[in-house]
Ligand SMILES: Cc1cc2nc3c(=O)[nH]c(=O)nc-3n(C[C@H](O)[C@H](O)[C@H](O)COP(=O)(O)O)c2cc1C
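Listed next as structure tokens is one chain, alone, in the form predicted on its own.
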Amino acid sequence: MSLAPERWKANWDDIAAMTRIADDAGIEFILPVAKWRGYQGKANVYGKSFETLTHGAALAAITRRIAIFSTVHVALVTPAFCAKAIATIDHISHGRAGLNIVCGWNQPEFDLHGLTIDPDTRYDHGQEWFDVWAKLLEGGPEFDWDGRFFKLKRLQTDPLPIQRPRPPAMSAGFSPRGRDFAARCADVLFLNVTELDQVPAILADVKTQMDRYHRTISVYTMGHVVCRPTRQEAEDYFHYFAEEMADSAGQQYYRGHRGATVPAEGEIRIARPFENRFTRQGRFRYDGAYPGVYPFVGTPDDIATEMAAMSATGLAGCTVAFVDYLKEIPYFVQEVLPRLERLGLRLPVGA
């Protein structure tokens, strides 16, 4: 959430080039956000974004290894449409498609579509949506569906996906109900982690919820990387984009709308979602840092060491974001990934 002029512009050719770099480097997946309205402010973060099913199909055609996730708001897309779309991407990619399920939280995004998100029923709706979607992709004879939210006739889809019984699904669950939804439906759960001391309590809570359904799940978090040859360079740049160039109005918009939905669901505030380890030092606000995302700031050795510490807590992995992907990913790939291989956290490309 920064006004830094070099911030990512989300131009298609840049996205394609960035994805090819990640694909060649052996990075496991690409995960785009789905947004219909930005966070306002001067930068209007996410104000420009592509529709992610189309985005996924296009990237599937120009990559070889990387998994391609599409983010779908279940209130806006029918399960039959999404089943057909994800199966299409799975065939284009030869079995690399995945689905990120979003039940919705930011009402202004849905105002564009004339819909109102009910915080009391959104996960119930999402559960039924998922059940229809998953059954469609399993194949078999046509079926009707007579549920609370869906009344559907003669459901079927062809072709079925390459991945059986369906491509993997992920979900981000910041509240108890969100985590419960992931426990029933998802293969991967994303959670806020802003300090590593949070992780044992978070994973214990997730395990309790998973035990109810006799399932296990991979738990990931989200990270932002500022990697430079020296620690001082990295910290100076972090301070520049996140403090000096912060889009505080966009941050205020996010906090206001996110805070209006999450506490209403009785969030257990293990994750301290609007903070990070820098803001807790009390010296700066760092409003340009995306809230609730773990900041990796330092040299390649610093980043690798901190990722090893994160892995040791039991987290399965984490996303990496950058202010300017095309300029920053090559250095990350060249310097950090080999260090992670030497630490035993990753395998060489193609292995």
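One-based numbering along the sequence shown. Note that this is a predicted model, so its numbers are computed, not measured.
Just so it is clear, the following notes concern the form predicted together with this ligand, a form of the same protein that is not shown.
Novice: With the partner left out here, check for me: in the predicted bound form, does some heavy atom of G178 sit within 4.5 Å of this ligand?
Specialist: The answer is yes: G178 has a heavy atom within 4.5 Å of this ligand.
Novice: I'd like to check something about A316: if you look in the predicted bound form, is any of its heavy atoms closer than or equal to 4.5 Å to a heavy atom of this ligand?
Specialist: Looking in the predicted bound form, residue contacts with this ligand do not include A316, since no heavy atom lies within 4.5 Å.
Novice: Taking the shortest heavy atom distance, is M170 within 4.5 Å of this ligand in the predicted bound form?
Specialist: Although this ligand is absent here, M170 would touch it in the predicted bound form, with heavy atoms inside 4.5 Å.
Novice: Please check if A309 has a heavy atom lying within 4.5 Å of any heavy atom of this ligand in the predicted bound form.
Specialist: Answer no; every heavy atom of A309 is more than 4.5 Å from this ligand in the predicted bound form.
Novice: Please pick, from Q209, T71, Q163, Q127, the one residue with any non-hydrogen atom lying within 4.5 angstroms of this ligand in the predicted bound form.
Specialist: By the 4.5 Å criterion, the partner-contacting residue is T71.
Novice: Let me know the one among N100, Q198, T88, T157 whose heavy atoms come within 4.5 Å of this ligand in the predicted bound form, would you?
Specialist: When this ligand is considered in the predicted bound form, the option within 4.5 Å is N100.
Novice: Heavy atoms within 4.5 Å of this ligand in the predicted bound form: which stretch among 209-217, 145-153, 239-247, 189-197?
Specialist: Stretch 189-197 is the one.
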